[in-house]
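What follows is a single chain, given as structure tokens, in the form predicted alone.
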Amino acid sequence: MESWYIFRRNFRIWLGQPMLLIPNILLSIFIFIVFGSSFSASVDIPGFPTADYNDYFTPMILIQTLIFASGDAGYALLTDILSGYFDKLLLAPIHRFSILMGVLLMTAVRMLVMTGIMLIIAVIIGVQFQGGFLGILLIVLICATFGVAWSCISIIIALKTKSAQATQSAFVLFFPPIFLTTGFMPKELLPHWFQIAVTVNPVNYVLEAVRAITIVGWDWTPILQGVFILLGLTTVLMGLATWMFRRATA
């Protein structure tokens, strides 16, 4: 119940600041259109897994949108810390972890909204999801979970540094996990060193799970691999965020 009230307060603030949502959506649309058009001829390469590049590129756009948006969670928490509201919450007769849970609940809603908007845009562009309606629901669940997990990184940075500059600058750390993936090209068509980077990048397995649902349907091998990696990533990052929160409020 305490987490719900904190979530509701954060949700009202978010609704009152639509510009927090618009820039990320516009950037994603821009990347979708520009790169989707630039690489459209890639489907003519022998062995390319789909006849429409936008179908192939959609999972990349979804994951990229969520990673870019994940910094909002840490920055929102940092705003409360710097304004003194966080200290007031710590003095209130509530369980301290309700504060963190309220932030993560707000993050989950934000990620659901972002995923839904980008999926609608993908459908408008003409992307066909071979997994059908249930596949789209699974994509939404995977993406929202991934967004919450990745947001824990910005929360950890905010709690550790308590610096707006450091939290904002950490945004550049999110670029390698996005682009060292099969987001633009299948693994077989990438340079050898890039293939190694893709193999060890956990984000790529989540991306591949979403892509399998999108362009194939129910190909369970990449889907289960992606879900397994996602559960592990979520456990680790949420565990680290909880540990850092405990240290920051001790």
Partner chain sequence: MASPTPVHVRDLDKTYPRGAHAVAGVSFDVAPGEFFGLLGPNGAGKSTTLKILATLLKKTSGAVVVAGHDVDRDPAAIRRSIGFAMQDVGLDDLASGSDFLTLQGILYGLHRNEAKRRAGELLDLVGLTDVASRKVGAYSGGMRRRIDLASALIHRPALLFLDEPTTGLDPQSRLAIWQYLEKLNAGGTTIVLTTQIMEEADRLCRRLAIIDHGKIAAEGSPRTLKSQIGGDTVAVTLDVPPGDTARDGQERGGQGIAARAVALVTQRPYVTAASSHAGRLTIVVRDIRGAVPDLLRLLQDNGIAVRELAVSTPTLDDVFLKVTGHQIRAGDTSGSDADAAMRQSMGLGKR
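Numbering follows the first chain given and starts at 1. Predicted model, so just to flag it, every value in this text is computed and none were measured.
Note that the form predicted in complex with its partner chain isn't included here; everything after this is about it.
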One stretch from 67 to 75, 123 to 131, 143 to 151, 176 to 184 that, in the model of the complex, holds residues within 4.5 Å of its partner chain by heavy atom = 67 to 75
For Leu20, is any heavy atom within 4.5 Å of its partner chain in the model of the complex, or not?
-> yes
Hey, in the model of the complex, is Ser169 touching its partner chain, heavy atoms inside 4.5 Å?
-> no
Looking in the model of the complex, any heavy atom of Ile229 within 4.5 Å of its partner chain?
-> no
Do Trp243 and its partner chain come within 4.5 Å of each other in the model of the complex, heavy atoms counted?
-> no
Could you run down 104 to 128 and flag each residue that has a heavy atom within 4.5 Å of its partner chain in the model of the complex?
-> none
